[in-house]
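First come two forms of one protein chain, each written alone as structure tokens, so that there is a structure 1 and a structure 2.
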Structure 1
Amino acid sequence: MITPAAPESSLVGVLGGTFNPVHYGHLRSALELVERLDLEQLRLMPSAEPPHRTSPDCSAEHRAAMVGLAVTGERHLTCDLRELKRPGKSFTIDSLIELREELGAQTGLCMVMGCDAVLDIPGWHRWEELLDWAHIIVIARPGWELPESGVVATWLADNRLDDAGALRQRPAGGVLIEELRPLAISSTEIRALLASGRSVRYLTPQSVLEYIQTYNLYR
């Protein structure tokens, strides 16, 4: 049983994804979350075998290496490799349980996801247990609307927090909706540009671009 967190308790965030490859859209959103929620740390966690989509052609090891390069020098961002080390599908609930065991009962844990993921959350493995282990931060993007009825709408209404300050009142259990600066960059677009031999400079960090070139990825 998780006991209530003290108001001054620290907050750690986790942002999962394929990061195929990581780009400035990911990184800018991560940094804005750190500053807006006053996170002690935000962990970018590459998925080894995503359960809801086909595994990327680019290996998890390559994708994680690029994330590591991208966050080098940013003290609040780090790459979390736990899903690469765990065999089988990369279920979020398993990662949250592991993180809770490592962080302890008092530290606030925030899992970040997009609006599109929230709409599909009833299909996630053991989704009803997610809030037992962490808060959920939903990133609102232009063009996305949260449902007004149904299972997800009820779940949001029952657990929604009014503001970021509420995240520090307990270590898990709330849903916060945050609007961030939209950056129209996608990994799909980057892969398509690379496959056609065009430049992706200024869409992803130079260190990531050099890694892609070194290992001839996405060609």
Structure 2
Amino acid sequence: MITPAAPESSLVGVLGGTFNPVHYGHLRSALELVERLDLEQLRLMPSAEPPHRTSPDCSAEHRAAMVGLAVTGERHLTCDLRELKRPGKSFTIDSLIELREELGAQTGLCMVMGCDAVLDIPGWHRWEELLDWAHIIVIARPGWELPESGVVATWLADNRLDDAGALRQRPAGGVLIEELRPLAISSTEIRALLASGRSVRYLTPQSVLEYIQTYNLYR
């Protein structure tokens, strides 16, 4: 049972994804959220075995290594490897339960997702329990709109917080929608550019580019 957070308790964010590969859309959104919500840290958490898509050709180890390189030197961003260490499908609910055990009942935990991800949420394993363990921060993403009716719209309306201040009044249980700088970058497009021999420079950090070249990924 989660008790109300102390007024000055800290907030930790987690951004799950395939990160195939990580790009500036992920990184800039992560950093803007750290600053806007005053997060103690935001953990980028690569999925080892994404439950809702075919397994990526690029291994979880490569994808996580690129996330690690991308966040090097940014003290508020880290790479969380828990889903690589856990066998089987990478269910978000399992990661949130583990994080809650590690952080304790009082720390605010914010699960971050883009609005494309939130549209799929009713298909997630035990999705109705997610808010028992964390808040959910939905970030606007170019080309995607939140629904106006249906299960997701109702769920958003029932749980939506008015402002970021409400995140600190309890450790979990609310949905906050944040408009960040829109960056129309996707991993799908990066993979397509690389497969056709074109440059992805300035879409992802140089360290990630060099890793892709070294291991000849996405060709």
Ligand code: ATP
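In this text, all values refer to a predicted model and were calculated from it rather than measured experimentally. Note that the rigid core is defined as the largest set of C-alphas that superpose within 1.5 Å between two forms. Every residue number counts along structure 1's sequence, beginning with 1.
Asks: Looking for the form predicted on its own among these two structures; is it 1 or 2?
Replies: Of the two, structure 1 is the form predicted on its own.
Asks: Would residue 87 count as moving between structures 1 and 2, using a Cα shift of 2 angstroms or more after superposing the core as the test?
Replies: Not so; residue 87 is displaced by less than 2 Å.
Asks: Against the rigid core, is the Cα displacement of residue 142 between structures 1 and 2 at least 2 Å?
Replies: True for residue 142: a C-alpha shift of 2 Å or more.
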